[in-house]
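Presented as structure tokens, the chain that follows is alone, the form predicted on its own.
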Amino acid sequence: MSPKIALLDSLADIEQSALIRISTTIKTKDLEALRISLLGRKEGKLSQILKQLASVEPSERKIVGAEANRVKNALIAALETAQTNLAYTEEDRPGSLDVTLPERGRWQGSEHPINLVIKEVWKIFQTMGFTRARGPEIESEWYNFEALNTPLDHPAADEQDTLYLKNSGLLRSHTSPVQIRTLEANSPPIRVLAPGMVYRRDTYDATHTPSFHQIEGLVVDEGITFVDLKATLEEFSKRFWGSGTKVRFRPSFFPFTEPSAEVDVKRIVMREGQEIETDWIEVMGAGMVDPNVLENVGYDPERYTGFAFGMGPGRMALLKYGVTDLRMFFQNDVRFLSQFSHKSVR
């Protein structure tokens, strides 16, 4: 067995046994002793694992180190939760409370998983020179459809798909109207990211909701080509999903981009201590801004070009955190949401 596999197996064993011991510890002093035995700098089990990294091939150390950090964070989270919820015994605090009535543990708030994804996506694009843009959620037909090269007889503009308001306007069905408002209010070069809520007449099931988050990106300047689009989204994908991620672009159609593409990724994930390559998964749509869209906001399409892309952070959160049902993000179940208290954003 290679040193890498041996260390990954050891980490898995440590995590499994430690979580069981943490959940069954009933005294504060025993919990502290357990913390030292697991995370102590000199004699902690995880520290002993890290000392053995020198025996691993340099190209594989990053994998073992990342898994060790994940296990460490999982144990810290479990220890903190146990510390918070641990009922005092008479030995800990003699006569301080009625031991027949367990204390209600204090719940610690956590950031919503979709917000974590939005924040991570934003940080990545911010380092690439993007600024953040916002727009209203109540839009007109011009901004939601017509300015985006989508005629009002298009199926997307039908009442079966779009939520129209009683008097006037509609609830935006995508964040693309922010593109038009940004182009109207600014001159090139433009490089913006626009996250926000959108609304559609969708069924409420494991993969659809009538309201959901979307992230739109837009770049417009002189000399922008499809090469810039591919390079930007490939760089983002590798930084968001991992450096081993493969990216492919499939021809598609969107009214406001030409040419258009669906963007798929093939990720590298860890399962049972082994690196596994996933199947191709669609993660976003993209394309070059249609010249008609540029003309609608007064830009000269002979001089300026650009690209746009859109993604759903809810779907990305499903994939990133291994959640199987989109509805879990909207049910406000504290037991589910508390799992993300210690998720970090790169």
Ligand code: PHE
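Heads up: residue numbers just count along the shown sequence, starting at 1. Small disclaimer: the values here were computed from a predicted structure and weren't measured.
Just so you know, the form predicted together with the named molecule exists too; it's not on screen, but the next bit is about it.
Checked against the named molecule in the model of the complex, the candidates Arg181, Arg200, Lys230, Arg267 yield a single residue with a heavy atom inside 4.5 Å, and that residue is Arg200. The contact residue chosen from Val293, Ala286, Leu38, Ala317 relative to the named molecule in the model of the complex is Ala286, the criterion being a non-hydrogen atom within 4.5 angstroms. Within 4.5 Å of any heavy atom of the named molecule in the model of the complex lies no heavy atom of Phe249. By the criterion of a heavy atom within 4.5 Å, Phe256 is counted among the residues contacting the named molecule in the model of the complex. Using a 4.5 Å cutoff between non-hydrogen atoms, Ala308 counts as a contact of the named molecule in the model of the complex. In the model of the complex, no heavy atom of Lys72 sits within 4.5 Å of the named molecule. Exactly one of the stretches 214-222, 131-139, 154-162, 182-190 approaches the named molecule in the model of the complex with heavy atoms within 4.5 Å, and it is 214-222. If you take 160-182 and check each residue for a heavy atom within 4.5 Å of the named molecule in the model of the complex, you get His174, Ser176, Gln179, in sequence order.
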